[in-house]
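The data below hold one chain only, encoded as structure tokens and taken in the form predicted on its own.
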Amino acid sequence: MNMTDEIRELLRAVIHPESGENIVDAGIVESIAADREKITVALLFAKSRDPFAASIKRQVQGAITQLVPEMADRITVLIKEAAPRKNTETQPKRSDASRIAHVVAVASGKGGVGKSTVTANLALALAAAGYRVGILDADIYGPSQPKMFGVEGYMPDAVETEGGEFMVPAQSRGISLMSIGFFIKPSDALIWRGPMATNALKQMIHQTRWGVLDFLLIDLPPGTGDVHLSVLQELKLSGAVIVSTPQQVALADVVRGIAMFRAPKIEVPVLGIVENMAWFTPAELPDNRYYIFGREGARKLGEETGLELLGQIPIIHSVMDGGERGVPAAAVDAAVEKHYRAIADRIVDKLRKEC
């Protein structure tokens, strides 16, 4: 077997996440040129701006480098993408998102306020109340949910149904979970252009086998941008929950987030505000509260904007520790769970009134 054939067989181990087919049999490996001087592989993606192209290129480069490490600096992997095609299908593909009762966006104007932590623990509180819950980790540029639920190594399988091919979400503590973090390294996502990110997001929304859910929580990235608009266009949101910390610099960004959901032609109900890191109580001084980031800023903002304060989450060590260990604190710490259960109950009540 010559080197070209060796490389071709090696690349059969590289799987395209969307189709579940190896890149050789799928026709993605257009050509392989290998001699003693250099190795060049051309990859042809049928879909323009395929969101997995960068990840597959990295896998191809790594696999060939392992095969011939002495030629590591003489390996070139080229990416070719087809021109955008007009949609000639008469029937649109079915989206499994049609079986979700309530879609709730969890948003923050500013990064670092604990939005992903709130999403994870809120999902567990809803599940503990008997609801069927899923999480879509839409934070394309910094996916956190795989680590929070301890499923970082998960690779979604593909299943064929009457409606088409769907990806199987991870399951952890009763939560169905889909994240771009299952397919690529965070460093890959950081260099994506807007259209690539939104295309990947659309695939996760419509091509995930969600099944029947009572709630799908969308963990949005901070700010207001392309990803937010894509979610608003692709899904009918039941409402949005805004997460903030008490300090003024975080609250100023929250106002912009609220304005986005309330904008004309968007008009998504903002269910309320969750104030995270509201205070700190040392274990040895259970009656003391230290307002490290300011006091009740979210409550005051709620009064100014006509929004309910859904709850205040204090700084609790088990919340941070649980996120690091892949066990959200609401699953194991009753002191944390009671805060999130109260917030979950308020959200459910508000959605019932909206309906």
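Treat the numbers as computed from the prediction; the structure is a model and nothing was measured. In this text, residue numbers run from 1 along the sequence as written.
Although not depicted, the form predicted in complex with a small molecule is the subject of the following passage.
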Query - Contact of residue 62 with the small molecule in the predicted bound form (heavy atom, 4.5 Å) - result: no
Query raised in the report: Is residue 235 close to the small molecule in the predicted bound form, meaning a heavy atom pair under 4.5 Å apart or at it?
Result: no
Query raised in the report: For residue 326, is any heavy atom within 4.5 Å of the small molecule in the predicted bound form, or not?
Result: no
Query raised in the report: Is residue 276 a contact residue for the small molecule in the predicted bound form, using a 4.5 Å heavy atom cut-off?
Result: yes
Query - Per-stretch contact check against the small molecule in the predicted bound form, the hit in 308-316, 64-72, 283-291, 50-58 (non-hydrogen atom, 4.5 angstroms) - result: 308-316
Report summary line: in the predicted bound form, the residue from 172, 116, 207, 230 with a non-hydrogen atom within 4.5 Å of the small molecule is 116
Report summary line: Contact with the small molecule in the predicted bound form, heavy atom within 4.5 Å, among 211, 111, 195, 239 goes to 111
